[in-house]
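Below you will find one chain, with nothing else, as structure tokens; this is the form predicted alone, and questions on how it binds or moves follow later.
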Amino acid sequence: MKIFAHRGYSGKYPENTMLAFKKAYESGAYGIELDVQETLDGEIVIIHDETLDRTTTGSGYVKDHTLSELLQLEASAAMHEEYPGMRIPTLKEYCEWVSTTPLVTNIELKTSIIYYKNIEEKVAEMIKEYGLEDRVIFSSFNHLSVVKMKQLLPECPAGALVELIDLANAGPYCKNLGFEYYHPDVDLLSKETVENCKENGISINVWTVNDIKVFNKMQEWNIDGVITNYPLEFVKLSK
């Protein structure tokens, strides 16, 4: 079973920072899951929330700040004393680094609450610039964004990200949209949905698995990948 580090090694290091990504790589994770949004001046940055308040020393919406302004902020608000000096990474910075590793990256486009016009084109160009087409999976709660990514980069696999529900007929749904993956909330996933996906040739990566019993159940169900805050612990269990 493949282990993806959720926002990097976010269980021990500030989420969506280069430190968390590098520690995830050191843990032996198969891949990294991260989130992208767009700044006021059109740069692509890696941050989960649409607002800055929870994870940084700033406030307000990411979309209302320039990259220069964002780089002045600490990106480790909850772990500032232990890990000072963390910054919000750009997707370009990440791509420069990850292109030197064998890691697969699950890029989640945060377009379900705020829609960033042309973010898909900008992300696609970045992936092509660094030759990462064979090591990227795209996902989003906004499935239209995923459809657009498949149009721009048909060679890259993509997944339907869902929360609050276990999507009925997830296998045919993903297959009809041309998606290779289903990315459900592990707490809502049913064995029937797993079988439905497998019958239709759809792979499953579940989020967010931080409990050993849940992990063991996913192994029993032959899930393809888990997204976890603690990659090191689950890399050991998956061997």
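The first residue of the sequence shown is number 1, and the count goes up from there. Predicted model, so just to flag it, every value in this text is computed and none were measured.
One more form of this protein, predicted together with a small molecule, exists but is not displayed; see below.
Student: Note which of 86, 161, 95, 156 lies within 4.5 Å of the small molecule in the predicted bound form, where distance is taken over heavy atoms; exactly one does.
Tutor: By the 4.5 Å heavy-atom cutoff, the listed residue in contact is 161.
Student: Taking the small molecule in the predicted bound form as the reference, which of 175, 63, 198, 48 has a non-hydrogen atom within 4.5 Å?
Tutor: That would be 48.
Student: For the chain shown here without its partner, which stretch in 78-86, 144-152, 105-113, 129-137 has non-hydrogen atoms within 4.5 angstroms of the small molecule in the predicted bound form?
Tutor: Only one stretch passes the 4.5 Å heavy-atom test: 105-113.
Student: Considering only heavy atoms, tell me if residue 35 and the small molecule come within 4.5 Å of each other in the predicted bound form.
Tutor: Residue-level check for residue 35: yes, a contact with the small molecule.
Student: Is it the case that residue 207, even though its partner is missing from this view, gets within 4.5 Å of the small molecule in the predicted bound form, heavy atoms only?
Tutor: Taking the distances in the predicted bound form, the answer for residue 207 is yes, it comes within 4.5 Å of the small molecule.
Student: Is there a non-hydrogen atom of residue 227 within 4.5 angstroms of a non-hydrogen atom of the small molecule in the predicted bound form?
Tutor: So residue 227 counts as contacting the small molecule.
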